[in-house]
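In the block that follows, a single chain appears as C-alpha cells, in the form predicted on its own.
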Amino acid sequence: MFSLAEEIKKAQENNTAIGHFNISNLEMLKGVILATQELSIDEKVPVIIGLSENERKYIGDNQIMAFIKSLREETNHPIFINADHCKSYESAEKAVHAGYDSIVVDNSKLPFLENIKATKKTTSILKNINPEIIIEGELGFIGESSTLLDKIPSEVEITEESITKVIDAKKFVDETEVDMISPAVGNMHGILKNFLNPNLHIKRIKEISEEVKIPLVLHGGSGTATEEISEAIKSGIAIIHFSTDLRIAFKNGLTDLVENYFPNNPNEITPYRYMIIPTDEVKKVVIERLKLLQNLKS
C-alpha cells in the first residue's frame, strides 16, 4: 500500500515535487494515468488526481473512488486522490468518508483569524474521523477560476505587501495543525490570455518553508513559467496543482475532432475510437509537467 505522506517526504528529500492534476471526466483521468505509466520506467512516478467540488458532483465521489482503487490494484502504482478546495465542512466530511487521501480545506476568502478558526475546527473533526487523512490549509486568496483570463481578477492581490507573510503562515500552521499549507506567493488560478502570469516570490516561499516545517503546496501551476516552478521546488514546494492546462488540452483535442477527424471520418460513431484524441492531448501535457517536476529528461 502506497502512502501519500511517504511520497511527499521522498519528493522533498529528492528536490522534486508531486504533480496534482484536476480532472473533469474519465477521459482526462485516463490521460493522466497513461502519462504516469509511460514515464514510470526505472521508478514509479507518483501522481495526485484532484477534483474540485463541482468536478466531484459531476463524476461522483463513490464512482471516482472505485476507479482510483481499481487502478491502484491493477497497476500497483502510487495514485492518490485529493478533494480540492472544499469550501464547507460538509463537503470535506463527505470526501473523508468516501476515502480520499487528502483534503484541501479552503477558507482563503475569510479574514485571517476567521480562516484560522474555521480551518482548525474542520481539521480537528476530520482527523477524528480519519487520523491518517492529510489536511491542507490555504492562506491567501488566489482566485477561483481555472480558466483563461483577460486580466488578473480584481480580488486577487499579488504585491509584496499582500502575499502570505511568514509570521502569518507560522501562526496559521501552529494553530490549525494542518499537514500542509498552500500560501499565496504570486501564484493565481487560471491563465492570462495576453500576458504572462506574474512571477512567484521565490524568496518568500523559501522563508515560509523554513519557518513552518511542513510541506508547501503551489496552486495555479498551469500559468507559472517552468523556471519559476523549478525554483519553487528547490525552495520548499512539494506538490504543484495543474488544472487549466489540462482543460485547454482537452478542448484542443475536441476541436481537432470537429475540424479534422469527423470531416475525414464521417461514418465513425464509436466514442472510444475518437475520444482517444482529447485523451492523448491531456496525456502529452501531463508528461511534460511530470518531467519538469521530477527532473526527468525530455
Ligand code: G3H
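Bear in mind that the values here come from a model prediction, so they are computed numbers and not experimental data. From 1 onward, residues are counted along the sequence shown.
Another form, the form predicted in complex with ligand G3H, is not on view; read the next lines as being about it.
- Residues 30, 253 and 281 are none of them found to lie within 4.5 Å of ligand G3H in the model of the complex, as judged by heavy atom distances.
- For the chain shown alone, residue 188 is a contact residue for ligand G3H in the model of the complex, at least one non-hydrogen atom being within 4.5 angstroms.
- For residue 115, no non-hydrogen atom is located within 4.5 Å of ligand G3H in the model of the complex, even though that partner is not displayed.
- Taking the partner from elsewhere, residue 146 is found to have a heavy atom lying within 4.5 Å of ligand G3H in the model of the complex.
- When contacts are judged by a 4.5 Å heavy atom cut-off, residue 56 does not count as touching ligand G3H in the model of the complex.
- Contact with ligand G3H in the model of the complex, judged as any non-hydrogen atom within 4.5 angstroms, is confined among 240-248, 227-235, 30-38, 261-269 to 240-248.
- This chain is displayed alone, yet in the model of the complex one of 108, 222, 91, 209 has a heavy atom within 4.5 Å of ligand G3H; that residue is 222.
- Residues of 160-178 are not found to place any heavy atom within 4.5 Å of ligand G3H in the model of the complex.
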